[in-house]
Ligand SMILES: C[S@@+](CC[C@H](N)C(=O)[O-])C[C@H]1O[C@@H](n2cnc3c(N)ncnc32)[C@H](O)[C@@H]1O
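Below, in structure tokens: the form predicted on its own, a single chain.
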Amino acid sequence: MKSEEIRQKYEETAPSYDWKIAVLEKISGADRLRRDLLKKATGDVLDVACGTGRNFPWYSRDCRITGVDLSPAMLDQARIKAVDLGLDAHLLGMDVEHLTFPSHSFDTVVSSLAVCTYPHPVEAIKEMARVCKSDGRLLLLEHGRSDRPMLGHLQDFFAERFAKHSGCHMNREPLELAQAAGIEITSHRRSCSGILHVIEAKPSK
């Protein structure tokens, strides 16, 4: 899907997004991985494709949060969440593949369960690295193709039709995409039958 098509999909699903994904995150363990990873965010934080603000509860209150997303409706939900949490978050409509921030603007750049939707994921990750300070970090919680053969083949079988319906490419390889973007991987682990990836990285020097 193109960016405009993805935006429209999330405009439609924004009001019900949280309760739909909450069940999947609980079953898969993504909620726990999200919490543990985001404890490592510090300073000026850019949350790309922040959606309804599902990351917001887990940031330290010392962090200064900027969130960007294609969908105004998703950002509306994120604003409500930020107010409920007492979080001072600056939220903007923006495409992760074309960030308008100066280079080296943020101490931490976060992407969670979003690389699957980016039309050009390598370019998106390059943009994340560009706006990250040279001594900063990139934190990615993503899902992709399982490294278990039978499950991976099943994902391949359904991937195209699922992507046409939802904009989500379930069989992408987050680690390979991150490596192709040229960032320096400092930590990587898989869970949930090899589907979930937790990637910590920093911009290449």
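Everything numeric here is computed off the predicted structure, so don't read it as measured data. From 1 onward, residues are counted along the sequence shown.
Another form exists, predicted together with the named molecule; not displayed. Remarks below refer to it.
With the partner omitted here, the residue from L177, L70, L37, M170 that has a non-hydrogen atom within 4.5 angstroms of the named molecule in the predicted complex is L70. Shown without its partner, this chain lists A49, L46, A41, A30 as candidates; in the predicted complex, only A49 has a non-hydrogen atom within 4.5 angstroms of the named molecule. Within this chain, V131 is remote from the site of the named molecule in the predicted complex, having no heavy atom within 4.5 Å.
Contact between Y118 and the named molecule in the predicted complex is found at the 4.5 Å heavy atom cutoff. Contact annotation: I125 falls outside 4.5 Å of the named molecule in the predicted complex, judged by heavy atom distances. When the named molecule is considered in the predicted complex, V198 lies well away from it, no heavy atom lying within 4.5 Å. In the predicted complex, the named molecule lies within 4.5 angstroms of at least one heavy atom of each of the following residues of 74-95: M74, M94, D95, in sequence order.
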